[in-house]
Every structure is written in structure tokens, then in C-alpha cells.
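Next up: just one chain, as C-alpha cells, the form predicted alone.
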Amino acid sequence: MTRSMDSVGDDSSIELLAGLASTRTIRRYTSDPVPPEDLNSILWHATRAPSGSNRQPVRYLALVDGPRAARAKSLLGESFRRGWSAKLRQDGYESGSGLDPDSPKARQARAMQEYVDNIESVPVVVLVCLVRYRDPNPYEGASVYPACQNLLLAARALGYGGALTMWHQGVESELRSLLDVPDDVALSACITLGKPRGSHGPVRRKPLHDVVFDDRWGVEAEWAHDPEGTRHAGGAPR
């Protein structure tokens, strides 16, 4: 049965704020396909995102099992593995706490390695694109990334998980040629999707009082505090 696009807030949907607080990056997937009706719903909700002047310049190139999808995923696999190999060295995953197999850093490294090793078998890859209407500029992502977040939240609501990456850039010219992407279209993001092999759960972030200022830069907001029971995490590896 096709999911109704008008059934906003029905009992089968997770509560919005709970979804915002628990949509983790999912990099491990089962082999289950994403049914067309679910993929349709995910992308429909992605298109509800705002864009500057409501120009709606975002396009979605879905790679599932079409005639060029396998080749595109193979190209992405090569690029992802190169990207992770460089990050593994640069971000210290092979030293310090990364040498402790039970540390968060080591667990993340294992998940990342499994992710890049299996890109070719990811059920769905979505290239999120921008049809440019002005020269490239630092702010053009403002119309793209709200759509990416909508896409990930919609996937979460329907029982799927995803990861947003930029490692497609390593094979961008090859992807353009293979997929007939016009020169005036930016390949702004790459999102992998599938049924999680694992689970979503509360995300860990820095404490609110460390990142929210009041009245001027650097002044802690006295009213900014995390809900009771919030678990925290540090920043990205240096």
C-alpha cells in the first residue's frame, strides 16, 4: 500500500522532536531493498524543504538498481575508500585511543571501514543536486542542505537510516559523464540509504551551554541547558 502524503502526524509517525534528537548517521545496512513507495515518500518529504525565494532548485538523482546505478556505486566505492584511508591517517584513528579496540574512536573506525567496504551493496544512493541559477558561491548550499535533512528525517520516520557524505567529489567528473549530469548542476551531497543493521538512538553532542551564546559572542546563555539525562560527546577528531 502506498503511504498517503496527506497523513501528517498519524499514529505511525515518530514524534517530530524525538526524531530530531535520535536521527543518527547510519552506515551499516541490511540487504533489504527500499520499496518504491517508501523511497517515493522519503523524497516527497525532502521536497517540502524551504529554498531561497522558493526557487526549488534541488534535484535528486536516485541510484537503486537501474542500468547505470551499479557502475556509479562502484565509482563511489573507490572514492569512499580513498577518502576514508586519508581520514584514517589524518584524524589519528591509528594512534592514541584508536588503538584501544573498545574506545569510541576504534568503534567508529570499524563502522567507517565496513561502510566504505560495502558501498556497492548499499540499497539506495541519492545524489542531491543544485540547478545553479547564479555563479557558484559559498552560500548556495543554503537551498540544498535543508532538503538533505528533511530526507534523512523522513527516512528515520519510515524505519530507514542514512549517511550524508561528500566523498562523491573524488569521482565527480566520472559520475557526471556516466549519469549525464549537466555542467550547470552542482553535485552537492551524496546520501546513502537503507534498513539499519543496528538502531537509531539519542545522538550525542556538545553541551548546549558550550555552543549557545547570549547577547554577544562568547557569553554563556544562562537559560541554555540540556534536558535531564542528556549524554554528551566531544567534537570531531583533530
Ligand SMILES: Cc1cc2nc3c(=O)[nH]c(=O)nc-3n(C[C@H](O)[C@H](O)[C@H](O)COP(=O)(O)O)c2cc1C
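Numbers follow the displayed sequence, beginning with 1. Note that the structure is a prediction, hence the values are computed from the model and not measured.
The following text describes the form predicted together with the named molecule, which does not appear among the structures shown.
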*Indicate whether residue 205 is a 4.5 Å heavy atom neighbour of the named molecule in the model of the complex.*
yes
*Does the named molecule get within 4.5 angstroms of any non-hydrogen atom of residue 160 in the model of the complex?*
no
*Does the named molecule get within 4.5 angstroms of any non-hydrogen atom of residue 165 in the model of the complex?*
yes
*asked:* Please tell me whether any heavy atom belonging to residue 25 falls inside 4.5 Å of a heavy atom of the named molecule, as the geometry stands in the model of the complex.
replied: yes
*Candidate from 125, 72, 154, 112 lying within 4.5 Å of the named molecule in the model of the complex - any heavy atom*: 112
*Going by heavy atoms within 4.5 Å, which of 197 to 205, 177 to 185, 64 to 72, 34 to 42 lines up against the named molecule in the model of the complex?*
197 to 205
